[in-house]
Every structure is written in structure tokens, then in C-alpha cells.
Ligand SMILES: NC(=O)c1ccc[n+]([C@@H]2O[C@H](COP(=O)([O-])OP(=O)(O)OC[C@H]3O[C@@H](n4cnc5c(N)ncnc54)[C@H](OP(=O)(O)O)[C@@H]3O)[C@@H](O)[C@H]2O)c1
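One chain is shown next in C-alpha cells, namely the form predicted on its own.
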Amino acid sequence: MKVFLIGGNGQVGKHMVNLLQESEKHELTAMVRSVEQAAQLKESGVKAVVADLEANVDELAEVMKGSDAVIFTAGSGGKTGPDKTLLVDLDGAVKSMEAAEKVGANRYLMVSAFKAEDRESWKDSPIKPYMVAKHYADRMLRESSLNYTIFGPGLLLNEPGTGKIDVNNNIKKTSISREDVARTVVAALDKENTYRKTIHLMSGECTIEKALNQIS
């Protein structure tokens, strides 16, 4: 599968780059924001393109052309304001969906946030603008023609992954390593039972493969 990764220089994205580059099933193209980031990836043998989520749909479609699947793990970052959250996490995400539809990349995996679909769960959140952006980006994805999977991870940690998760949608918010988020998203790429599903994601006691296979 030819995979187009948006956010290849992010904290989750870097783990995905490593996993996809090592994969025998997938061929990676990583989208990053700057020439410097692309150069670093290319030095490691990664195919990288420079593009901006604030560009128009046609420009995004041009660099996405030939892809079978898109993974969105980009974000405006915690140091930017609500304006960038709106432009990147919401509008940028939606434009990438439109570009995916335009080039026929029918598989789309979104790294979202825990229970972004439930307004009541984050009505008093200190990152409410981010949650609003994720809520509406996810809603647009559900209304698209794409075979999507939306992942809603809990508190993201930089500690090494355990390879064990919980995807029960009744789970309470705890935490999960960024490495395990990346492993789970990559593992779900070709699992049709995860199509058009929203999956809450935490550390747990079940292997990633087994947990994904149990989703119905």
C-alpha cells in the first residue's frame, strides 16, 4: 500500500516513519512543513515532500497523487494560538480529506483526541479550541466517502511502547505512549474491520494485533 503520511516530523509521526520505512507491505511518502525537515528524512532514505496544510486542495492533491492511503497525524502545536488550530487541525485536515478523495486514496486514518465526538467530555477543557477543531474535522471525515478510521488516544506519553492497548469504547481516559499510537495506526492500515470506525485508544493488556482484530 502506498501510504501518504501527513505530519511526518511530529512526535507520533516520527514513530510512524520508522515503522512504515521498515514495513514490507507499505511504501511511504512523508509530508513535512520545511525543506530542512525533508532533507533530514531523505538522508535516512525516506521519500519526503514539502507541503503546507494551509495550501489549497489542488496543491495537496498534487503531492498526494498515486497514494492508496493517507494518515493524518499533523497538528498546529501547543505553542500556537486558536487561529492556527483552526487553520491546521480543522481546515487543513478537511482539505487533506478532499485531496484524498480527489486522487482516489480511499483509506484515511486520523489521529484525533479522546472522545472528541462528545462535547460534554471536554466542555471545560483547557484545550477546548483544539477539541472543537478535532470534533468538526472528525465529523467531516465521517461524512466523506473515505474508508476512514479515527483514533482517539488518551494522554500521550513519550515513554517506550508496551505493544499492548485497550480499544474498548467504554474505557476511561488514561494514557498511552506515542509509540503505541503509531504502532496501532500502522497496524490498522489494511484491517477492513476498522473501516468507518472511531476507536478510543489507551494502554492496556491486549496486544495491538489482537485488540484490532476484535473490533466489529
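Residue positions are given as counts along the sequence shown, with the first one as 1. Remember, it's a predicted structure, so these values are computed and weren't measured experimentally.
There is another form of this protein, the form predicted in complex with the named molecule, and it is not shown here; the text below is about that form.
Student: Only one of Asp190, Asp58, Glu27, Glu54 has a non-hydrogen atom within 4.5 angstroms of the named molecule in the model of the complex; which is it?
Tutor: When the named molecule is considered in the model of the complex, the option within 4.5 Å is Glu54.
Student: Give me the residue from Met97, Ala133, Leu109, Ala74 that has a heavy atom within 4.5 Å of the named molecule in the model of the complex.
Tutor: Of Met97, Ala133, Leu109, Ala74, the residue with a heavy atom within 4.5 Å of the named molecule in the model of the complex is Ala74.
Student: Is Ala113 a contact residue for the named molecule in the model of the complex, using a 4.5 Å heavy atom cut-off?
Tutor: It does: once the named molecule is placed as it appears in the model of the complex, Ala113 has a heavy atom within 4.5 Å of it.
Student: Heavy atoms within 4.5 Å of the named molecule in the model of the complex: does Arg33 have any?
Tutor: It does: once the named molecule is placed as it appears in the model of the complex, Arg33 has a heavy atom within 4.5 Å of it.
Student: If you check in the model of the complex, is Asn147 within 4.5 Å of the named molecule, heavy atoms only?
Tutor: Flag for Asn147 set to no.
Student: Does any heavy atom of Gly161 come within 4.5 Å of a heavy atom of the named molecule in the model of the complex?
Tutor: Gly161: no, not in contact with the named molecule in the model of the complex.
Student: In the model of the complex, which of the stretches 62-70, 182-190, 151-159, 164-172 has residues with heavy atoms within 4.5 Å of the named molecule?
Tutor: It is the stretch 151-159.
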